[in-house]
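As a starting point, one isolated chain is supplied in structure tokens, in the form predicted alone.
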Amino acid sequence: MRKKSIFTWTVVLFSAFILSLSGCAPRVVDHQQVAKNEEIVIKFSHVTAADSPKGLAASRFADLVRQRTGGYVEVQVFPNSTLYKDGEELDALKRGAVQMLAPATSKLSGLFPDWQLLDLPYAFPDLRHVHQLMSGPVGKKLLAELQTKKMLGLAVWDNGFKEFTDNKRPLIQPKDFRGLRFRVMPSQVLVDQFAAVGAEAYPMPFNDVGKALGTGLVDGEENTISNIYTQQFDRSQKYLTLSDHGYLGYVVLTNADFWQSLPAWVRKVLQDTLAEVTVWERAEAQKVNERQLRALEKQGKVKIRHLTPGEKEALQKAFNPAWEHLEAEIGRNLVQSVRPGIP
């Protein structure tokens, strides 16, 4: 009996030691806190920092759902690619390994080319125009396409407008981009955008961008202020151009089969909470970007340049080939649906 007890404790201690080593791994392992028959667990994976607009909204959503269901529904949030990386998320959702994601709209373009509409440079003078598009017929069409792949779009969250960063020279005129290499999200529109000004686009996952900038694999990138700040891209980038040239937003997705498996009252709580959090997230994203721009200005590591209206117009004209190429791919009528938004 004594030998059996010693053996048991040896196994327990050895197991604890092995588990302690797992803290060195780059990914977390998600463990459900209670049995499935005691609660519904929703794993929500995303690739940005916990204090980014998306990260803050995901956490707020999780907290409110827990409160409103009395703990019956637990949303477990995994930020910063700790559970799945950029290129892995959609497959994980399809397999049911996660139940919710919030990928950038650009990440959907490989499966749904129409979603490249939101990548078009200088398509939207402000975020209100984006919201109007997504709440109208075009937005309904885009969201309906997701269901053909058993995905359900539950909400659209803002990050804001993208800016240019690089480590070679200030990006003010179209000629300044010539010969430079930029990281982009996987969207042909973004590739065409940079090609139009003589630059090379290099698609890569978000979690690899910091290393690529630091090693010089790419010269620059395009992103919102909150992503530039929270990922500390200013450590390797010398110049930041406030161009506001492209929209960056996220689609909150779920697996359609999983969604239909939920009790009706749970779906209603999730929908109502998401609608409330979306309003909050859009306002918060703007505040976060403004606050973190001031922080970047104060730190002084990167030289910041505001483009004038004339300089923006020159870039807009230079990027026109991206519009023409998308018209050839998805049709003139659909592309023209966002043309009126151009200032």
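If you're wondering where the values come from, they're calculated on a predicted model, not measured in any experiment. In case it trips you up, residue 1 is the first one in the sequence shown, and so on.
In what follows, reference is made to the form predicted in complex with (2S)-2-hydroxybutanedioic acid (LMR), a form of this protein that is not presented.
- [ ] Tell me, out of 223, 193, 254, 187, which residue has a non-hydrogen atom within 4.5 angstroms of (2S)-2-hydroxybutanedioic acid (LMR) in the predicted bound form.
- [x] Going through each option in turn, the one that passes is 223.
TODO: Report the residue, out of 104, 213, 101, 118, that has at least one non-hydrogen atom within 4.5 angstroms of (2S)-2-hydroxybutanedioic acid (LMR) in the predicted bound form.
DONE: Among 104, 213, 101, 118, a heavy atom within 4.5 Å of (2S)-2-hydroxybutanedioic acid (LMR) in the predicted bound form occurs only for 104.
Task: Segment that reaches (2S)-2-hydroxybutanedioic acid (LMR) in the predicted bound form - one of 179-187, 132-140, 265-273, 108-116, heavy atoms within 4.5 Å - done: Looking at the other structure, the answer is 179-187.
Open item on the list: Please determine whether residue 259 contacts (2S)-2-hydroxybutanedioic acid (LMR) in the predicted bound form, using a 4.5 Å cut-off between heavy atoms.
Closed with: Looking in the predicted bound form, residue contacts with (2S)-2-hydroxybutanedioic acid (LMR) do not include residue 259, since no heavy atom lies within 4.5 Å.
Task: Contact flag, residue 165 vs (2S)-2-hydroxybutanedioic acid (LMR) in the predicted bound form, heavy atom cut 4.5 Å - done: So residue 165 does not count as contacting (2S)-2-hydroxybutanedioic acid (LMR).
TODO: Indicate whether residue 154 is a 4.5 Å heavy atom neighbour of (2S)-2-hydroxybutanedioic acid (LMR) in the predicted bound form.
DONE: Answer no; every heavy atom of residue 154 is more than 4.5 Å from (2S)-2-hydroxybutanedioic acid (LMR) in the predicted bound form.
Task: residue 45 within 4.5 Å of (2S)-2-hydroxybutanedioic acid (LMR) in the predicted bound form, heavy atoms - done: Residue 45: no, not in contact with (2S)-2-hydroxybutanedioic acid (LMR) in the predicted bound form.
Open item on the list: Given a 4.5 Å distance limit between heavy atoms, list every residue of 248-263 close to (2S)-2-hydroxybutanedioic acid (LMR) in the predicted bound form, or none if there are none.
Closed with: Those in contact are 248, 250.
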